[in-house]
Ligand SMILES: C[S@@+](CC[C@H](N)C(=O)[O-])C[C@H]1O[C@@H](n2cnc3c(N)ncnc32)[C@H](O)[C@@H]1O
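As structure tokens, one chain now follows by itself in the form predicted on its own.
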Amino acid sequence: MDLDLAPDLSAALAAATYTYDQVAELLGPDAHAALQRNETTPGLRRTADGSPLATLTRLFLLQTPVSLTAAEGALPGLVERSVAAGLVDVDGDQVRALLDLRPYADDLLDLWVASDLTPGMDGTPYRTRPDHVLGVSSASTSLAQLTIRDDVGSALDLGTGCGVQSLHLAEHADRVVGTDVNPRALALARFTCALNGVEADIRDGSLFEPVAGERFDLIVTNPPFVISPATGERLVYRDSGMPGDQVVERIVRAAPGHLTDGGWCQILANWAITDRPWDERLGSWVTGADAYAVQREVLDPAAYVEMWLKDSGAHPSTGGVPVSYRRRYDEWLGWLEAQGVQGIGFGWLNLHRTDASPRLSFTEWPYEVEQPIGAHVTGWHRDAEAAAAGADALWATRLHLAADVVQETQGAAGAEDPGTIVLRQQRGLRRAHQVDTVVAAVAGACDGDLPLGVIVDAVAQLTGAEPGPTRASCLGQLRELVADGFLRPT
């Protein structure tokens, strides 16, 4: 990739208003949704006016050849240079894209991301090349939404791919390093960064090898986590070459040694579910860090194998050979069975470096959450510390009920007291806790003015109960409410 092309190209893209919002408006909701399903016909019907924006949308997003005249109008003086850079190809009076150049955005900036073309558009047969560089995907946006956005001195984008995370990190980190083992990914990540005027040190190498001896305030990674036998065909963006979930285990074990004091490592990953409970198994990998893990989804082995074989183009519907597909399916499924894999978990692993005894929190949460969720990760750590205080310290703490918590009650019509009381968060993980009337009353009275113990004693007196036994009976529930962020230190 010709990095000298990047500034002129980004200027042309901006002049054509080739931005996420403008493309979405041009396509409209139906064509935009169809494109996410890899269908281009609705989009082609919306981009026929020959404008620079329509031309670039057809060329790079809909992967449809455009006339040389239209291309030169959208990229004035840059078509020949784009050919030399491997971005497009000219055949007669037609120009076609060789790479995906996609508008992207966050709350602050309009961005562009370079990657390989999306395979299988309009149902055409495809085989994904081993060194395919994935573009903006659900996994990359999920990791971006998970990432803590506090200002930091240094950040590491481990397994950078096309460079999406590096773009985000550059907005709040003084120094950004990205690593990858795929030469195509390294080239495209450097081009993506240059296209957006982002300074990032993109290095070649596996896992932490390129940053040996260095420490970072923040590490983010969506590693090649697909759980497979690690034999046969390998797609670099998803297959680490290590069997099972060893790549995730290695990252979890090594990451604390590359974090500054109080630094965070955030991982989007798969893990194997075996006879051993998943939280116990993952917890055994953690040393030198507090861990906050959320299991968002579990797939059965057959569904998992089917998903990733289709992803590679091996399924007959995508052009694969039926006999080969069935053989690979059987081998992969048999290997998972032999390894005792009963399911595959997907979710988030957050590590916070500490020299104290690690604090572990593992949650299964397949429900809808507020996005972006990153701000709530640091909240978890703060809340967990508060909840871990001794009983005397907790009773002396002034707490307030989080502003997003609402109370839901259910019961028989006309009943004096509700049958159930549920406190529910409206933000973050949007968790819920069923509580008794005493705890509900205590939570409702927490406004930061009085210590928790004083409030509990007052509620006990109002209900005609003894303060001591009341404290003992509600301590566990109150700790849970503090740990989950329902009640927070003032």
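We number the residues from 1 along the sequence you see. No experiment lies behind these values; they were computed from the predicted model shown.
In what follows, reference is made to the form predicted together with the ligand, a form of this protein that is not presented.
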| query | finding |
| --- | --- |
| In the predicted complex, the residue from Thr354, Ser206, Thr274, Thr363 that sits within 4.5 Å of the ligand by heavy atoms | Ser206 |
| Contact assignment for the ligand in the predicted complex, among Gly374, Pro224, Pro256, Pro103, heavy atom within 4.5 Å | Pro224 |
| In the predicted complex, Asp180 touching the ligand (heavy atom, 4.5 Å) | yes |
| Partner proximity in the predicted complex: Gly347 to the ligand, non-hydrogen atom cutoff 4.5 Å | no |
| Contact of Thr192 with the ligand in the predicted complex (heavy atom, 4.5 Å) | no |
| Ser140, heavy atom within 4.5 angstroms of the ligand in the predicted complex | yes |
| Partner-facing stretch of 395-403, 235-243, 378-386, 284-292, counted where any non-hydrogen atom is within 4.5 angstroms of the ligand in the predicted complex | 235-243 |
| Those residues of 263-283 which, in the predicted complex, come within 4.5 Å of the ligand by heavy atom | none |
